[in-house]
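Next up: a single chain in structure tokens, the form predicted on its own.
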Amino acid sequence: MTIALALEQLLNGIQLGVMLFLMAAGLTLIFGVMGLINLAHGSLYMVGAFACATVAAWTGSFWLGLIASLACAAAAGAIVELAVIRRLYDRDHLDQVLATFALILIFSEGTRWLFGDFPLYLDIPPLLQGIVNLPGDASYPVYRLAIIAVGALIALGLYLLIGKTRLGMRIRAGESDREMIGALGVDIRTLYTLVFALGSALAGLAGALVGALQSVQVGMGEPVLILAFVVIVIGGIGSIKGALYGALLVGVTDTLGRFLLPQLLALFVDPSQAGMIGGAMASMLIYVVMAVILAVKPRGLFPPAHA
């Protein structure tokens, strides 16, 4: 294994972590402020990807598609919150799980009805094509580096939004004592809609960015949703900082595990078996990491102060 190859795999893990952060940040915001388990969050990831692919195909502009992914996912999230989610706040978590699972089916079948079963494809914009030379004779795609940069900017933006603005103050207050801020005159319903739309927009953006790396298809959000739940449990439910650190930990662990475990096992067993066994062990590795972290810190790495 060369230094260049190891560096490339590390960057792949960071890029996966950034995508998981965009998903997990919205998910943890929604749960932290609203106390809602939203299984349909992966469907909003899919909405963003389809919106970007469709608008990019119509206009020939990836950038317009990216804007459309944010707008469509945020609008879909706001509509879902107003029409369905608003009725679930005072219900128990089982009702929330059943209702949002039903939303998964509605989004999936509605998307299949509109676009069919065949996947759509997004082209990487010319500005972000090509590779960058890195130390150690390594090279890495510009687009993947751009995804990492976008994730860093969004993490900074969320930090400033939550920590330095009036809206962020209301969001933090909503996490700790929603009844009190309602009594103080804050329109809690509007706050919930804004938070849900923001979380949905982040998921839609993640879907659009990943759509240029893989096909855009029905059901693409559910596997990512599972990893996003792992991220927020590791990081601490309701914590944006925890979502960032948890996402990077999961992304790097998953990527390096899939890369290193088959090579290590090949020293002891047949290479073909090592690949199969190593892949299976790598799939389990992030859950082992989650179990170890929860054994040491049951509320996650960075639980919110009010937790």
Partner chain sequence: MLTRENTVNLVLALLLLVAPLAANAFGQPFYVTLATRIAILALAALGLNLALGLGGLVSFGHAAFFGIGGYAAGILSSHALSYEPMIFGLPGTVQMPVIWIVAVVASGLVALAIGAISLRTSGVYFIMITLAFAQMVYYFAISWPAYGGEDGLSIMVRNQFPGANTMKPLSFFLVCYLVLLAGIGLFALIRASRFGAALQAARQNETRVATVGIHPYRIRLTGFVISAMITALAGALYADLNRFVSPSMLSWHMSGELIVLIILGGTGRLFGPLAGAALYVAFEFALGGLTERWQFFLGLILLGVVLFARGGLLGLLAGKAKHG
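Residue numbers count along the first chain shown, from 1. Keep in mind the model is a prediction, meaning the values are calculated, not measured.
The form predicted together with its partner chain exists for this protein as well; it is not shown, and the discussion that follows is about that form.
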So in the predicted complex, does Ile277 come within 4.5 Å of its partner chain, heavy atom to heavy atom?
yes
So, Phe229 and its partner chain: in the predicted complex, are they within 4.5 Å at any heavy atom pair?
yes
Does at least one non-hydrogen atom of Glu222 fall within 4.5 angstroms of its partner chain in the predicted complex?
yes
Within 4.5 Å, heavy atoms only: does Leu94 come near its partner chain in the predicted complex?
yes
Sole residue of Ile124, Leu98, Ile131, Leu160 within 4.5 Å of its partner chain in the predicted complex, by heavy atom
Leu98
Just one of Leu213, Ala146, Ile79, Ala102 has a heavy atom within 4.5 angstroms of its partner chain in the predicted complex, so which one?
Ala102
Location of its partner chain contact in the predicted complex, chosen stretch of 262 to 270, 62 to 70, 234 to 242, 48 to 56 [non-hydrogen atom, 4.5 Å]:
234 to 242
For the stretch 129 to 154, I need every residue with any heavy atom inside 4.5 Å of its partner chain in the predicted complex, listed N to C.
none
